[in-house]
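Just the one chain here, the form predicted on its own, laid out as structure tokens.
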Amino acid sequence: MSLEIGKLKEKPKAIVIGSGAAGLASAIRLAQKGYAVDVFEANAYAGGKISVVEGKGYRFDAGPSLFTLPQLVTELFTLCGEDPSGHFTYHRKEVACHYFWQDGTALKAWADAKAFAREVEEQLGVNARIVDRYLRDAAQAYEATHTLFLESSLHRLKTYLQPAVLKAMGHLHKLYLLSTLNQVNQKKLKHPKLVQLFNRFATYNGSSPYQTPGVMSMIPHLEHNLGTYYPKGGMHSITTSLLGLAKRQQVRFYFNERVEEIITERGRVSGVRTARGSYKAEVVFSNMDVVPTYRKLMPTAKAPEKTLGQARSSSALIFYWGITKQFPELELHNIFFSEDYKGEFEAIFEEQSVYADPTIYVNISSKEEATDAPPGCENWFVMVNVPANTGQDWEALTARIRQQVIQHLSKRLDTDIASLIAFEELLDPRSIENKTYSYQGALYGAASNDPLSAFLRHPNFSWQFSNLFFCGGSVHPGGGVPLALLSARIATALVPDV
């Protein structure tokens, strides 16, 4: 037998810039396609917005707190031949959210759609059939269109030749593309509080219900028909479990190594450059916000100016408060509504400021994980929707909003909240931009305040460079953990197996 053995063919190299949820998912999928994958991350940790804040015995999920469509996480383990339950577990919540209004009205949005409809009838006096019909319509619209709008590239001709297009066209009249979400909700629901409750789903993609198209009325289907979930270990377990999976697929991570340039030549990209050197690759994925990807990493490339110039989504001001008391009347997810919702969104999107009486979201993961707070205490993730950073005086705005939030919550809960804060950290649009490189600190890239920006976001590929691809919340199909994971699926499907 000859001792001469042919040199094994090296795997082609793929580089992923950024290790947010979409970057991790893309790396895993590329490894499964036969690529040797390197991930470059400017921070010392993976996860992007899905990170943690800790201090004085309190632990907080720093970013996304609502978990839907868990199969988009577990399918990655199945793809790699692993049992998801050995690495990532979750359970369905009985109550999706607890809503509070300033006149004392409170309403629990039960996960069971029928129970939720009965609750609306009992608390608001709205016939349960109205909510049943609304959620049924949302389910039909979602089932008819999600394959096309959320799981396919809308920028490729062959997408429109698939059967899903005919199915979606048959439901075009139910998509309400020429109406706003608020108009749809007023027509279908009528009761001001119920309209406000369903208008809030526009914030799931950082938009205004008074501008975003009525097609967004399908979003409640995810929460009220398919359900909300809690992953064991908190939202950060999405990051830790996918990071572990990626490493088991031999993906290499370069933390604290910021990519400074995507190297381009003759219609292709050939790799990336960091402060430590240049790295070649046959395929490059950017999980970085699409605006800084062009402006900072490819400043000489022809940029899609119209797309990059789309108005940004809302951002957030988040207070991480360690509270030295427990509130049994609160759930994992809680919403304290403002009295003038329209004024609130006008302030965000027209005045680039924050309304005097903002809606407040309070997430308390210690309701699920007792170890997230010391005994007898709770960890409050308190968020207010704010505009993207365009140079506002955030110190002054933060001081004002903090006082207003404390006053609102203290009055509604009949407790001096300020005296209970034992730990505090803050995240504002500037720090969101610094930590996650999201342009202007916008949470969802471009706002979906018109049909074009809602569906024709930046594609998952480059028109200019044949081997450059994009994933994450700033590109199709949009922001939020589920859509970011779908962007990875769409983008990697465009890359050939090796």
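These figures come from a predicted structure and were not determined experimentally. So that there is no doubt, residue numbering starts at 1 and follows the sequence shown.
Below, we refer to the form predicted in complex with a small molecule, which is not included among the displayed structures.
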Check, residue by residue, if G23, P64 and A484 all come within 4.5 Å of the small molecule in the predicted complex, counting heavy atoms only. yes
(message) With a cut-off of 4.5 Å between heavy atoms, is H146 one of the residues that contacts the small molecule in the predicted complex?
(response) no
Any non-hydrogen atom of G47 within 4.5 angstroms of the small molecule in the predicted complex: yes
**Study point:** Exercise: N43 in contact with the small molecule in the predicted complex, heavy atom 4.5 Å
**Key:** yes
**Asked** Are any of the heavy atoms in N460 no more than 4.5 Å from a heavy atom of the small molecule in the predicted complex?
**Response** no
Note: the small molecule not shown here; in the predicted complex, the stretch from 460 to 468, 29 to 37, 65 to 73, 52 to 60 having heavy atoms within 4.5 Å of it is 65 to 73
Note: exactly one of A96, I323, I401, L297 sits with a heavy atom within 4.5 Å of the small molecule in the predicted complex, namely L297
The one option of E257, E82, E151, D112 with any heavy atom within 4.5 Å of the small molecule in the predicted complex is E257
